[in-house]
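Read the single chain below, which is given as structure tokens and is the form predicted on its own.
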């Protein structure tokens, strides 16, 4: 019997979450496009250096400089500016200068993005929806940035309210679970139980969980159960399961519905 595998669709990009926390990013230019690039990088906890004359900084970039959120080199670009850089972003209205920087980055094997020149980009910036830890990027592979923005807004409109809060709750649950079951032999059980939790509750229900709920939910890990939401809520300020009309054999009581 022939196996069915996904068809290859060439011409795309590898969509990844690039961890640049603590890495040096050099942004050449200080206008509106540069401001957007800078914000993306600061949101990812990068160390940003902006190379541009002070007279060319737009209000947002000037604010980043004044608040010392970025390092500022007050002059036009020089080749030494990208020494030790982990990433370079250019956003200047000078195609020849941008191409020179691109070629220099190629020589030094530094990933580079040249704004509005797709052939001179190792990667693209998409339109991003952000809600706490939730990030959703829409990319048109450099073909239609404004269309990506419209599609991103359309998708965001249908997301549950406070979806980021739900992810925070799940993240906190995973952290605490590793504390109570840290051994590598617990790995498969941890993953299976977390899958049960994610499947048992909707986004809206996960958003409603408090820190107390998360702690109480962890009590169901040992037997591998996931309680109905009403059972979990009934434990608020009443963590003694013996006073709840359920029985669970693992720690004296069992969940029954």
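Numbering follows the first chain given and starts at 1. Under this definition, the rigid core comprises the largest set of C-alpha atoms superposing within 1.5 Å between the forms. For clarity, every value in this text was computed on a predicted model and none was experimentally measured.
Same protein, other form: the form predicted together with a further copy of the same chain, not shown, and the subject of what follows.
Although the partner is absent from this view, residue 59 contacts a further copy of the same chain in the predicted complex, with a non-hydrogen atom inside 4.5 angstroms.
With a 4.5 Å cutoff on heavy atoms, residue 140 counts as touching a further copy of the same chain in the predicted complex. In the predicted complex, at least one heavy atom of residue 135 sits within 4.5 Å of a heavy atom of a further copy of the same chain. a further copy of the same chain is not drawn, but in the predicted complex it has no heavy atom within 4.5 Å of residue 68. The chain is drawn here without a further copy of the same chain; in the predicted complex, the stretch among 92-100, 161-169, 72-80, 178-186 whose residues come within 4.5 Å of it by any heavy atom is 161-169.
Taking a 4.5 Å heavy atom cutoff to a further copy of the same chain in the predicted complex, the contact residue among 48, 206, 232, 226 is 206. Along 101-124, a non-hydrogen atom within 4.5 Å of a further copy of the same chain in the predicted complex is carried by 109, 111, 121, 122, 123, 124, in order along the sequence. After superposing the rigid core, the C-alpha of residue 46 moves by less than 2 Å between the shown form and the other one. Annotation for residue 106: C-alpha shift under 2 angstroms between the shown form and the other one, rigid core superposed.
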